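Below you'll find only one chain, the form predicted on its own, shown as structure tokens.
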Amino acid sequence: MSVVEVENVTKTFATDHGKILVLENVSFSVGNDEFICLVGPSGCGKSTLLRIIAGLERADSGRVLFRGQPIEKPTPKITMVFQLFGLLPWKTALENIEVPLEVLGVPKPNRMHIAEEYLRMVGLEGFETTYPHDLSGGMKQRVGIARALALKPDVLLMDEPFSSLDELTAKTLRELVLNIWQNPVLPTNTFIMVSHNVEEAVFMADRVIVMSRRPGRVIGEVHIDLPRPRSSYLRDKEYFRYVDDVVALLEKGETATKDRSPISLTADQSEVSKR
């Protein structure tokens, strides 16, 4: 059984000039232990789709299932890391991690212990009493990741978590996230990440799902069949063949949207690898 199933999700937003169709009949599924990246043009509804999966938004039609059950509201089994960190400026790093635990009614001593454990996991031991304004962007995102993981969710959603960071910091955090995903001790083993960076998506994902321009539809996917860890492949021709496959789908998005026929590419089937 799939962990997450997105079934024909459609979403519109009301504006002063009428309704805007943001997502149209979006469908895909995510399996246990799978790392998925969603890519697509700006404004195609990727972030909205994540919020629907998280139970923070409601679809106009269609549904999202978590282990076979409809998602109708937020659940601690699915948590989210936001692009702009989302930290409370009046709370310390440790207190920010405690917030969702407090909402769930976890006693103070227990939630402090959990928060300290996850702060250490993301490499911020010693910064427990530091406020967000004294943390770098990368450190803020580490706190955001620790906060999302502290609930020990089954699914972690990430909305462009590295886009506001310098490349060196982003590289470090990508590897941190992959280490967390592959850690057999942790319960969180299904990841869905939105990215505008095609090379990042190929580096991190088992499967890259490509969306069209607004209204966002799934127009294809690329299965990334590269061994892990992938750092040694970053200058490899095979790695860039996958990058080219994803870019080719993005460039063909207009035609695929009109035809409404999703494309699936693997290493043996991709146009790039046939050249």
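Just so you know, these numbers come straight off a predicted model, no measurement behind them. The numbering used is simple: start at 1 and walk along the sequence shown.
Although not depicted, the form predicted in complex with a small molecule is the subject of the following passage.
The small molecule is not shown here, and in the predicted complex it never comes within 4.5 Å of any heavy atom of Q69. The small molecule in the predicted complex comes within 4.5 Å of a heavy atom belonging to G43.
By the criterion of a heavy atom within 4.5 Å, R214 is counted among the residues contacting the small molecule in the predicted complex. The small molecule in the predicted complex is not approached by V9, whose heavy atoms all lie more than 4.5 angstroms from it. For a residue to qualify, one of its non-hydrogen atoms must sit within 4.5 Å of the small molecule in the predicted complex; all three of F13, V22 and S47 qualify. Per the 4.5 Å heavy atom criterion, the small molecule in the predicted complex is contacted by stretch 47 to 55, the sole one of 245 to 253, 47 to 55, 223 to 231, 24 to 32.
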